[in-house]
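There is one chain below, alone, in structure tokens, taken in the form predicted alone.
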Amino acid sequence: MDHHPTNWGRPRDDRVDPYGTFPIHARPRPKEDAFGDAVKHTQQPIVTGSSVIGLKYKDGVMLAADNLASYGSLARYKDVQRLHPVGTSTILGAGGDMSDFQYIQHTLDSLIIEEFTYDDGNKLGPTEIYQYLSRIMYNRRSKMNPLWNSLVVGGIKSDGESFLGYVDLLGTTYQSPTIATGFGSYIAQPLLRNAVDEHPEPLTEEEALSIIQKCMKTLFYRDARSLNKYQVAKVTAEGVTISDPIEAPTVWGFAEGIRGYGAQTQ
């Protein structure tokens, strides 16, 4: 409520000035942007994506993420791509707030364009992108305005070695042969580690894809913020490829025998 005397019509009394308006000020005018005060930084995630999983295999790195962006508990957007190519040898997967992920996408695209304009023969690889993102995330965290994302960076380094790393909203980083974010760190990570530990030799592409499919299907069964439509990204010496959306077949016939579901009410 506006209590300024000139705005609500109270006559000015030169003898008594309880509002401290003497000399009387000009009539306050609204700001040019009437909604400027309503524009705030993201202080909590709104539209979010769930797990991202990744692992190294014989020829490179493989990442997967479903296509769902949830508005709270509502499965709102079912065609969101959460895997983003960066340059020619790096792939980025993101969980968390999707608007912050879009900001990161634009920042990295601008970085790649700027690097290209130098025309000096150097290219940013996964290690450079990984370090760059860790500085961005830590900088925003230090300003108490974090980017609410968990990021997985995968790619092939200039020497041909596979790279897989994790960056979160606090700027925490680590590298590992298998990585899973969100609910996948509880459900998918054990499956990924078991698969890698059981194979003394590096996984083939077919074996890696089979493990990814098993993990994504398990996450759909167990994670209420996931979807059975997902994409798989591969980074090899030939470059980055992202598949079309894949729909995992699911079976729910067993649910008829669960108490409280279907015909069974007691």
Partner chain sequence: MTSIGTGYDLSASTYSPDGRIFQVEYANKAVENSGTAIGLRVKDGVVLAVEKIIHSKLLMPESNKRILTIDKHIGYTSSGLLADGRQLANRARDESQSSRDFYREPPTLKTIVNRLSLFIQAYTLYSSVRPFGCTSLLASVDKHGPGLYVIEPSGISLGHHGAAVGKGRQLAKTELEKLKLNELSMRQAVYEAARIIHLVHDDAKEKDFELEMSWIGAETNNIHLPVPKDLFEDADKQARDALLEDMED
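Positions refer to the first chain, counted from 1. In this text, all values refer to a predicted model and were calculated from it rather than measured experimentally.
Unshown form predicted together with the partner chain; subsequent notes refer to it.
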Heavy atom of each of Tyr186, Gln189 and Asp197 within 4.5 Å of the partner chain in the predicted bound form: no
4.5 angstroms heavy atom contact with the partner chain in the predicted bound form for Thr117: yes
4.5 Å heavy atom contact, Ile112 to the partner chain in the predicted bound form: yes
Exercise: Arg135 in contact with the partner chain in the predicted bound form, heavy atom 4.5 Å: no
Non-hydrogen atom contact His106 with the partner chain in the predicted bound form at 4.5 angstroms: yes
Partner-proximal stretch of 117-125, 162-170, 144-152, 72-80 relative to the partner chain in the predicted bound form, 4.5 angstroms, heavy atom: 117-125
